[in-house]
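One protein chain, two forms: both are listed below as structure tokens, the first as structure 1 and the second as structure 2.
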Structure 1
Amino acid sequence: MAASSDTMLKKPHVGKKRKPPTRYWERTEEDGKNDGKKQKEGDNNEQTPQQNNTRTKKGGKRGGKRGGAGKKVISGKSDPFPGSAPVPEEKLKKFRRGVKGELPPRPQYKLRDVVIRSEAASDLAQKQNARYDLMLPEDAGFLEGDEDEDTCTISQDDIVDAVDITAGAKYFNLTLSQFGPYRLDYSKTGRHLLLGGRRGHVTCLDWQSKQLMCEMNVMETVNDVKWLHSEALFAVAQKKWLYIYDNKGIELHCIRKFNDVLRMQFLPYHFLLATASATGFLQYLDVSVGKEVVAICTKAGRLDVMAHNPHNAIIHLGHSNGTVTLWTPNQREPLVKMLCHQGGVRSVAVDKTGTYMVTSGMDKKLKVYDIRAYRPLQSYFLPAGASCLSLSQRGLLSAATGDIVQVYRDVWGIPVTKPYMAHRAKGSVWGVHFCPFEDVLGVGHGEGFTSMVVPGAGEPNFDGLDANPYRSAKQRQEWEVKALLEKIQPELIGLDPSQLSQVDHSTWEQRHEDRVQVLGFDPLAKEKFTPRLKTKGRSSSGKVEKRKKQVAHEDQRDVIRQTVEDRMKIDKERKEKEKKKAAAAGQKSALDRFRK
């Protein structure tokens, strides 16, 4: 179910001929028949070797019983599905965190025991999560053309015709030609839409029910709009200052510390509003207490390209010299400076897992980077260049070129030649944003707003405790309290969010040094070898030195031996390879005679 939909995104045309869903017992039996070796590895075949054992044990008594037999019951029948159902390996992989470390050596048996037990617990949790994942109720959407046909030629009207009326209602246009072009933002749950027209028109609405929450004109230029943690508050970057309104349109705050803001990003788990201004300042506002956390002068001129990494809350800024810089509130200098384009950077987007960054530049290129390794993965040339980029929860990329919005699928995999979908908006596009948990792409343009249907964009299964589109007011209040309680402090923002769970070796070393200083001796040091006194001239100074030499550097010897062995092995392999190469080449060179 969910698995098939996952693979669908990766391999198109899979869903063409639908097979009946495979059952786990069928698969295990096949596996068991096909190859016995495979049974040993992987959790999903746990019980098969066990079954083999029981079979061999009871073989004599019970004669020709089937191999799948598990425990016997009184009636003599056997359970056809013994043990717990196996969990598919790819599902398990999804829930795996980090890599398993080595167990501590045997003498540290207590620590070893603790590690073994906690690993078993986490294994169990992963397995249960993976099992639960199989039962998720919703499937992701998809759009597949026939063999010789591009999905990008399918228009929105066709999609609306094909799907039912509730789904079709997600495609709509708002004609707002007076105050455009529009920037937009969806709330975290995906229920609410905030629109900000360049010429001062700000409106927020529940876009599914089309219920208007507020509409106003701030009588000033609006540079950017952003929802704060819930749909009760939003921030508007106006001509001079930053304003906070509530969903009735009442101005709550005018923050004069934040001037000339061009772009904003909200970090939901930190309750931070990051703003980039025309004066080159990157500022962080803690919206839970209303204080400015830090103001960083980037010294990079006007900042109008901004994105945040949802995985580690790092702000990406694009600059006119083609660089993208990465910022945290804890450092006055950029963490990373990447030269991405020749010419200015026009737009940046980072995917949900924090693995990929997509940038577009004035050089009309669209580039994909792996931001864990800071490595370019793909580079595409778009004839018109992309002005706005947005990545969906399931990894679709929307790129706006002039008045055309193109949606690409899987840009970091195999080089993409054709867009997944395309749509021509009525005016030049000013902002694109995928709606979370919905197959919808919001496009703000000069003539208003278009809600586009993009099958397969949103995550179909939401988590009710994190972002619940259907939550009641009470649930929202409870969520807000919980979220505020576990607000992450801005000091914890860093490149690796899991760093907090790793062992701090350097501090330990420092502390150990201090301890040695205080104690006057190293309590963990190895005892010095003192040779025993032996009689009959065997304790002469020469003999003693000899005995000392026997145990000198004993701990290093193993390491040295190992490295020497390794090196010899590598040398040997290399020589063999060379020999093979020479043999494969088959040609004898005149210089071969000088070879040993």
Structure 2
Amino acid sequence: MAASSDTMLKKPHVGKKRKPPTRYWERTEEDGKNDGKKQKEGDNNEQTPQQNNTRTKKGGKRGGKRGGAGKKVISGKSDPFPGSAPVPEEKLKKFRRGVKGELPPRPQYKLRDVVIRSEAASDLAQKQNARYDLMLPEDAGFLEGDEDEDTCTISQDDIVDAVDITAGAKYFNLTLSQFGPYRLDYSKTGRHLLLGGRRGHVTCLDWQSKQLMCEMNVMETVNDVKWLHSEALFAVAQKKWLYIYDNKGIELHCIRKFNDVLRMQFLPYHFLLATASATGFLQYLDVSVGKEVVAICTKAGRLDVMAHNPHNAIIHLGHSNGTVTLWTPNQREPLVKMLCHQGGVRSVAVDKTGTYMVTSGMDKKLKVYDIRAYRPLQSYFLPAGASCLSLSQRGLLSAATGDIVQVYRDVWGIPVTKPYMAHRAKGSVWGVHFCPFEDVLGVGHGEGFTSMVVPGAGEPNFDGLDANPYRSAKQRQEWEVKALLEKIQPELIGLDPSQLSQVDHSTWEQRHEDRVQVLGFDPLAKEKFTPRLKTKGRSSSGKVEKRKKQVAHEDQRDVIRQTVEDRMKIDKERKEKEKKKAAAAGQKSALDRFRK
């Protein structure tokens, strides 16, 4: 017994107080050498049974998982930065998907579980997008001048001399004086350019590699050109009808229902081509099936000013009386009608977020509107007015006046006193368009086409699943199939796209009224009583009328019951009021003693 007690006293039951682990940035070279010696000595020593037990519990796998702040792994070192890296709140706000709604009550447990899972997936997608946004390679920049130097005085030649060869090659001129002036359009990926001359010249090319895809002359007036869902098809609004061509210049369709088309806009997520004609008709063509969706008579005369809102796919039309109207294929009347100018509207542009609209009119004014509240934010006076407007992905505004193209920055914020950049074209400008994902502004004029370098115009990072400028032919085909499967129906176009995710709380009566209005009759209405045909003279006209009178009161039974209930309710309320008045009159007060 004594020997065993001595041995127990020799073994201390309390271990030595260990020092807290030092961080890797606090260690010196000598500490690192000592750690290496300790590790070699520890490898020669036998493992304790506790360590063996922990290894057997973990399944005998080598290495360990990253532990928390106080946990250690098999290697014996603690993680200096435990857990996942924090995400900045600003990045989370950028990818936030609306406001979370209230959960359904507990009895609806299935719907509650579905909502909880969808919100968890939305939160995970928001965090992952914010994390990947930190790794994006490109940043947006702007043109900055030297001290006391205005950026609008910097010419395109000065910019080309200062930038690298690749960026400098984006500034070029195409001299096409024979068939001008030109309208232009860039594809959704920003890699292909489509030009249409007033005198019939149509060409499309890969403007970055300067590779010509097709060139032709349609031998009649060309009013507008527009790329469709990909760079394989484009539409040309010619003098009489609308034509569809492929990128080899082969005519695929001649749509004679669309005549005298002046302007076109394409809705990429709906596969709809919206056209405005000289006869005052707004028409929608579904390019996936080749059918006309709707033709709306605007009753506003010639339509030569058109723009579309990328956020909600609403079409904006400018009219000669100074108004701008907002249209959807679901209604025959305009959703909104705004009086913007005292003269006719010359051009309209809407930013990609669907928040701001910029208009220019014959009154030589350029106005910025907040579409959410339908009120003007800023108003600028231009000496000669602006004939063409275009907004870039980063919010730069280009305004063409005669042969001068001016670019403005932050027009809806602080009032702008001078342009950000300016350039004089070789002829009168007929169309301007910013290239997606590039700091390039295309200008179509009477002498051909000019590609300007505008620093800070394009979005620096693109979504490869939506618009990939470097995709191959196979990737384009796969994207086209997926886009067709995800096509949005025209019935879902509205002013507020967020309403699609909300629950419809309309009552049964409201839904029934809408159904009656759509069908033109009440499907739940009772059929009128028709007497059954009887034999042996019992179906004479007199007896039939007698039978009709016997059941005539049954149709009015519900109405009579409702009127009786309403009358009883009114009588009951009147009696209660009389009782209250009598009770108030029966109460005694201190002033009753003075009454005679």
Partner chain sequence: MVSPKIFGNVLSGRCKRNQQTHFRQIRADIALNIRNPDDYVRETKLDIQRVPRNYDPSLHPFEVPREYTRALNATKLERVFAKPFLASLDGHRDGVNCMAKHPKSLSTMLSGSCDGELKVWNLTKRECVRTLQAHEGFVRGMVVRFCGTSFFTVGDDKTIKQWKMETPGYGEEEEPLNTILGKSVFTSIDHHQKEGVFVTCGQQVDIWDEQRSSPIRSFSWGVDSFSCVRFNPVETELLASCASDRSIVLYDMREATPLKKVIMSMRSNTLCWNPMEAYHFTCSNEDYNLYTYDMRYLDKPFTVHMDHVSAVLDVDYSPTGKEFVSASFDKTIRIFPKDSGHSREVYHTKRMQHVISIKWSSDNKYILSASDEMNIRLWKANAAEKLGLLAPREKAAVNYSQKLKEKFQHHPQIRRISHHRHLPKSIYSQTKELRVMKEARRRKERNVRKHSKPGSMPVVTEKEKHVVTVVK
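Please read all numbers here as calculations on a predicted model, not as lab measurements. Reference numbering: structure 1, starting with residue 1. Take the two forms, find the largest set of C-alpha atoms that superpose within 1.5 Å, and that set is the rigid core.
Between the two displayed forms of this chain, it is structure 1 that matches the form predicted in complex with the partner chain. Residue displacement note: Ser122 has its CA displaced by at least 2 Å between structures 1 and 2 (rigid core superposed). With the core held fixed, Glu89 shows a CA shift of 2 Å or greater between structures 1 and 2. Relative to the superposed rigid core, Lys248 undergoes a CA displacement smaller than 2 Å between structures 1 and 2. Comparison between structures 1 and 2 places the CA of Arg511 7.4 angstrom away from its other position, after core fitting. Superposing the rigid core and comparing between structures 1 and 2 gives a CA shift of 39.2 Å at Glu573.
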